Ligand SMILES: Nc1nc2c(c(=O)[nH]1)N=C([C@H](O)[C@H](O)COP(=O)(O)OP(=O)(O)OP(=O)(O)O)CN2
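In the block that follows, a single chain appears as C-alpha cells, in the form predicted alone.
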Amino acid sequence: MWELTKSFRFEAAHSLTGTTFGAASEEIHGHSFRAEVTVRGTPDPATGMVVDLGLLQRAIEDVRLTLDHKYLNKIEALGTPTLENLSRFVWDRLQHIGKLTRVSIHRDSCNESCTYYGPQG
C-alpha cells in the first residue's frame, strides 16, 4: 500500500466570532495556508502510479483558485471558515480523484494545522 501526498498553498482572509481571541479574530484578517492532500492505493500495473499527479494537480488547482485571495466567509459551501471546515471543504472537492486518506490544512505562521480523515461510519 502506498500513500501519495500533494501540497498547495493559498492566501485568504476571514473573520471569526466567538473565539477566545475576541476582537482580533472578529476583524477581517488574512493567513497563508498550506494544504496537503493524501491519496492511498496500489499503483496501477499499467502506469505504475497510485494516481496520475497531473490529474491530481488539475483538481487541486480548481480548489486553490476557489480559495486563493478570497474572503472565506463569502464561500457559502465552506460555512464558518475554520481550519476544520477548510479541510472538509477541500476533501469534498477532491474525493473523486482517488481514495483520499486525509486532507491537512496548515497555518505555519501560527504553528497550527487540522487534518480531516473523511466521514466516519
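In case it trips you up, residue 1 is the first one in the sequence shown, and so on. For clarity, every value in this text was computed on a predicted model and none was experimentally measured.
Missing here is the form predicted in complex with the named molecule; even so, the following discussion is about that form.
Open or blocked, the named molecule overlaid from its pose in the predicted complex onto this form, 2.4 Å backbone/C-beta test: The pocket is open.
Interface stretch in the predicted complex with the named molecule - options 92-100, 65-73, 47-55, 78-86, non-hydrogen atom within 4.5 Å: Among the candidates, contact is made by 78-86.
4.5 Å heavy atom contact, H106 and the named molecule in the predicted complex: No, H106 sits far enough from the named molecule in the predicted complex that none of its heavy atoms falls within 4.5 Å.
A13 within 4.5 Å of the named molecule in the predicted complex, heavy atoms: No, A13 stays farther than 4.5 Å from the named molecule in the predicted complex.
Touches the named molecule in the predicted complex: R34 (any heavy atom, 4.5 Å): Looking in the predicted complex, residue contacts with the named molecule do not include R34, since no heavy atom lies within 4.5 Å.
The named molecule contact in the predicted complex: H29, any heavy atom under 4.5 Å: The answer is yes: H29 has a heavy atom within 4.5 Å of the named molecule.
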